[in-house]
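There is one chain below, alone, in structure tokens, taken in the form predicted on its own.
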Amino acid sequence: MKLKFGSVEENVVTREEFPLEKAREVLKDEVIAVLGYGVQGPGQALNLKDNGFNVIVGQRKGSKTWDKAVSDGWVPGKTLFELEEACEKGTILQFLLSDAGQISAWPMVKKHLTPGKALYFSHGFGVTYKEKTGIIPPPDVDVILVAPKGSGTSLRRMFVEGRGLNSSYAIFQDGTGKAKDRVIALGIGVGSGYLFETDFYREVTSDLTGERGTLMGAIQGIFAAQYEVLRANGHTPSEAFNETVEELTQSLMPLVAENGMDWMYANCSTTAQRGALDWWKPFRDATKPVFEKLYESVKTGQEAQKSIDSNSKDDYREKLEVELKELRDSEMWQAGATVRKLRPENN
């Protein structure tokens, strides 16, 4: 159906117009091979299985993620296989390895993309930056995308709660004439609340910008700046954390999610309203040049190249752990660990 988002009309698919029963009918003869069991793999694979689809998992034997798959109920030799065997058995290959992992595994995966199969992504990276990744699918397969707007953990949690995480969908290549039905059925199958249309380029550029911006990078930067200013002016760690992070995540963001920012403002004190209305535009004006610089870096492929160069190194995970440890060991997030323990639901 077509819905207006502001003044712009867009294509959206809901569960009402494409129910789960229809999705099962579309994919009744398919074997969905979920390649990779890291970030998106577990949530998508388990949701598909619980929704009644024929799913197998492909993962490197002996890895921690192989052991996780076994603990999640996947059975070696029946529903859990080495990557190449899963590629052989699958008619839809859900390529959910990391971007660096996709580059490494691509020659093997491509070998098993026989005519009529579908190659599924949850990120437009590999195909959009094909000059850098070498991922160029053959012409006689479907190349499709379903990108849940959240982590695989959130996708699974919301599914178990009977809810849904909205996702985007795209068709890069319709090699069989069935790509549209396949991608929508898979989107419903993995637990999407609704699906909105995009393309591979728009998905990856918006996604890379969001991750580096308001979803992760910018929000951590803003948290750190405010926390440090409060601490420098004599506020305790608990007070600085509560006023910077806890109140936002536990009280205010749920109100924004429920009915929007204006509704959240309307449900705060008049003093808070006045201050927020006075200061949001200065913050916008201060940060917009950073977002413009960020988007240009994404658009030109610089961010993609940085990711490929960094994530392909043998010592990537060791260096990643050092950077994550810096966050984890910071006073702000150490204070956060104590605050979380004090929440009533944890006592």
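Because the structure is predicted, anything quoted here is derived from the model rather than measured. Residue numbers here begin at 1 and follow the sequence given.
The same protein has a further form, the form predicted in complex with a small molecule, not shown here; the description that follows concerns it.
Comment: the small molecule is not present in this chain, but in the model of the complex one of T133, T205, S168, S98 has a heavy atom within 4.5 Å of it, namely S98. This chain appears without its partner; in the model of the complex, the one residue of Q173, Q102, T128, T198 with a heavy atom within 4.5 Å of the small molecule is Q102. Heavy atoms within 4.5 Å of the small molecule in the model of the complex are found in one stretch of 22-30, 279-287, 302-310, 55-63, which is 55-63. The small molecule is not drawn, but in the model of the complex it has no heavy atom within 4.5 Å of G164. Although the partner is absent from this view, V39 contacts the small molecule in the model of the complex, with a non-hydrogen atom inside 4.5 angstroms. In the model of the complex, P137 stays away from the small molecule, with no heavy atom inside 4.5 Å.
Within this chain, N242 is remote from the site of the small molecule in the model of the complex, having no heavy atom within 4.5 Å.
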